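Below you will find one chain, with nothing else, as C-alpha cells; this is the form predicted alone, and questions on how it binds or moves follow later.
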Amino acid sequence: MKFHYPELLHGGDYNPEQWMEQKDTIWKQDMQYAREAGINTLSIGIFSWAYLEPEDGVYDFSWMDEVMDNLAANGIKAVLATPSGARPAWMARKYPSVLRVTENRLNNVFGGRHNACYSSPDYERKVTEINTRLAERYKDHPALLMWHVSNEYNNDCHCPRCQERFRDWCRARYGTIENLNRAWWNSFWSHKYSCFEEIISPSSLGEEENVAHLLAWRRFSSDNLVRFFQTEIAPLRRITPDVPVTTNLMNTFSGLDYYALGRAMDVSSWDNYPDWRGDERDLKTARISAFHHDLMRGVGDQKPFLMMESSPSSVNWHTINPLRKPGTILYQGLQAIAHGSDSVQYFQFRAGRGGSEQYHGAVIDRTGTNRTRTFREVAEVGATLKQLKGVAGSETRNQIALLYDWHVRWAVEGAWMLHRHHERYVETVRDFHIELGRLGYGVDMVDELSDISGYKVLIAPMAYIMRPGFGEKLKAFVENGGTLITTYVSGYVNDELLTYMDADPSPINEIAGRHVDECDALDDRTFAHFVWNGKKYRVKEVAELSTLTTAQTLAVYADRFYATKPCFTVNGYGMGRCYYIAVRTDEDFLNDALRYILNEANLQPILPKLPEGTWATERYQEDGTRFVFVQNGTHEKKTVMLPKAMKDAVTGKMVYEQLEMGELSVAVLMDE
C-alpha cells in the first residue's frame, strides 16, 4: 500500500493522558495551539497501555474516544499508535515472560521502555488483544489516518524461548548440523556441534568470538523482531486493510535490518535528532542528516517517508543541550522534505511536568504557553508547509544508487581484520554520500536485495559479503551497461563469512578484473600516496595490494614497499565498467574520482557548480512537476547560479540567474 495524503503532515507526539486531571482546560488549549501552529496531525497512544488497560483484561477507551473526537472536530488527523513500546507494571508482575534476559543470562525487571521479549507468548497474546480492540474501536473514526506500530523497536533477548527459536532458525537455514558446522567453520577451536540442541546465543560467558555464530545471532534477532512486527500488525491489516502502517526507525541503528522491516510496512518513518550547535559544526551535522534521510527513504523503497519525530528545540539527553539558533527548526523540517519526507513532526507536542523528558524540546514547553520563540518558529514551519502542499506524494528519480546493507555492516564490524571493531563501514558509505551531494547529484540508498536494474551507477563501498544472488545481480548490472564503483574490503567472503578461493572465486574479482593479494592496515601516523591526473593524494588506514587480470590501471602507489602497485583501476565488463578504489583516501580524491566517473557515465548533476556547503535534491510528481530543493548547510550566505529561471514554490516569485540563500536555509524551486 502506498501512503499518500493530499498535503504535507505537520504535527508530533501527543500525550494527553499525562494531563487527564486537567483535560477540561489543557486538552481544549492543546487544540487551540495546534490550530495556531498549523498542525494537522498528532501521534497519540504511543505509551498509553497503562491507561488503555489499567488491569489485565480491563479496558478503558473512554478518554481515547474523547481525544479522537477532539482531533476530528479540529481537523486534525491521528497517527494512532499501538502501545507496545512500554508495558504496564501489572503485566511484568503477572506475566514475567514478557521481560527480557540479558546476554549474561540475567532477568530484567520492570522499567524503562524497550524491555520486551518478542518470543514471549504472553506478550504476543496481550499485544494482539489490545491491537485488535484498538482497530475494532477506531476503524471508522474520521480522525484515523495511519497506524504507528510500537516505538523505536529494538531487540536481543537471551531467554530460553529465544534460545529455542534461534535453534529453530538455524535448523531452517542449514538443514543439518553438518551443514551448520561447515558454514560456521566449526572445525576451528574444536567448536563442532553434534546436534542443534547444543547451540546457544553468543555471550561473554561463553562463545563470543565465532564471527559466523555472531552474524547468525544478529540475523536471527532481526528476523525474530520482523516476525513479531508482522504478528503485531496482523489485526490491523485484517480489520483496517486500507489504513497504512509504519513504525519509527532510528537512522543507522545497528540492531535491526531496517530494509527487512521496511519491506513489511507501508511507509517508512524515523526519528531525526541532529546535534545542532549553531556554528561551523552544523555543516557536518546537516550532511549526516541528509544521509540519514536518504537511507530512511531507501528503507521504504524510495517512496515518500515520514519524519515522525524531531526536536523543535534543544533535546535533553546529550551531555550538552544547546538551544537552536533562530531558523534552525525551519531548516530541519525543509531538509526532511527535500530528501523525500512528507511530514515534519516533533517530539513532543506538550512537555510533561515530570519524568525524564520534562526538559526535552516541545512545541508547548514547560511554561505551557504559546508565547515562546519555539512556538512561533513551529508556526512558521506550519505556514511554509501549507505553501508546499503540491510537494506531497512526490518521489525521487535518481540515477545513482549507494549501497548500505545491514548484513554487510554486521559482518565487517564483527570481522577480526584490519582495524578490529573500527572498520568504519558507516563512515565510508557516508563519505561517498557527502561527495555526491557536493557534486550536485541525488542518490538512492539500497541494500544487496534491492532492485538495482534501473540505475545507471551503483556505488558499493566495502561490500564485504555477497548475499545470495547479489553477485549475479552485479554481473547483470554491469554487463547491461551499468557503472559499478566499489572499494577495498569488497567481495572477501560469501554470505556465511567463508573466504572466497580460486575454486570458488569472488564475483567482484571477475567484474573488477583483479584479485587482492594483501591488504595493509595503516595507523594514524602512517600514510602512503599516489598520483592520478597529475595530482598527489594521500592513502590512510587501508591499502590493498592487487594483481590485475583484465583491469586497466588508472593510478599506482607512489611510495612504501608497494610502490607501483595499482590502487585505482577500471575494467570493461560487457557493456559496462567497474571502477575499483583500493585505498581509503581523503575527500579530495573521492570528489575528483566521482566527478570523473560520473562524467564518463554521462550523468548530469541536478545543479552544477554548487558553492561549498550547499547541495541539491529533487522530487517529481506523477504529472512530471519537478521540485528542486537547494540546501545551504552553513551559517554563511551563499549565491547559487541557476541554469535557467525557476519559480520559488513558497513565495511564487521568479528566481533568475542567481539564487541568494541565507544561512542554514532551504530554497524550493519549480520549473516554470
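The numbering used is simple: start at 1 and walk along the sequence shown. Fair warning: this is a prediction, and the values are worked out from it, not measured in the lab.
There is another form of the same protein, the form predicted in complex with ligand GAL; it is not shown, and what comes next is about it.
- Taken together, the three residues E17, S43 and W147 all stay farther than 4.5 Å from ligand GAL in the model of the complex, as judged by their closest heavy atom.
- Taking the partner from elsewhere, N151 is found to have a heavy atom lying within 4.5 Å of ligand GAL in the model of the complex.
- Ligand GAL is not drawn, but in the model of the complex it has a heavy atom within 4.5 Å of W317.
- By the criterion of a heavy atom within 4.5 Å, E600 is excluded from the residues contacting ligand GAL in the model of the complex.
- Proximity of Y273 to ligand GAL in the model of the complex falls within the 4.5 Å heavy atom cutoff.
- Listed stretches are 176-184, 356-364, 80-88, 400-408; the contact stretch with ligand GAL in the model of the complex is 356-364, by a heavy atom cutoff of 4.5 Å.
- For the candidate set Y258, Y118, F305, F347, a heavy atom within 4.5 Å of ligand GAL in the model of the complex is found for exactly one residue, namely F347.
- Proximity to ligand GAL in the model of the complex, defined as a heavy atom within 4.5 Å, singles out one entry of R113, K192, R237, R227, which is R113.
- Interface residues of 84-111, taken as those with a heavy atom within 4.5 Å of ligand GAL in the model of the complex (partner not displayed), are absent.
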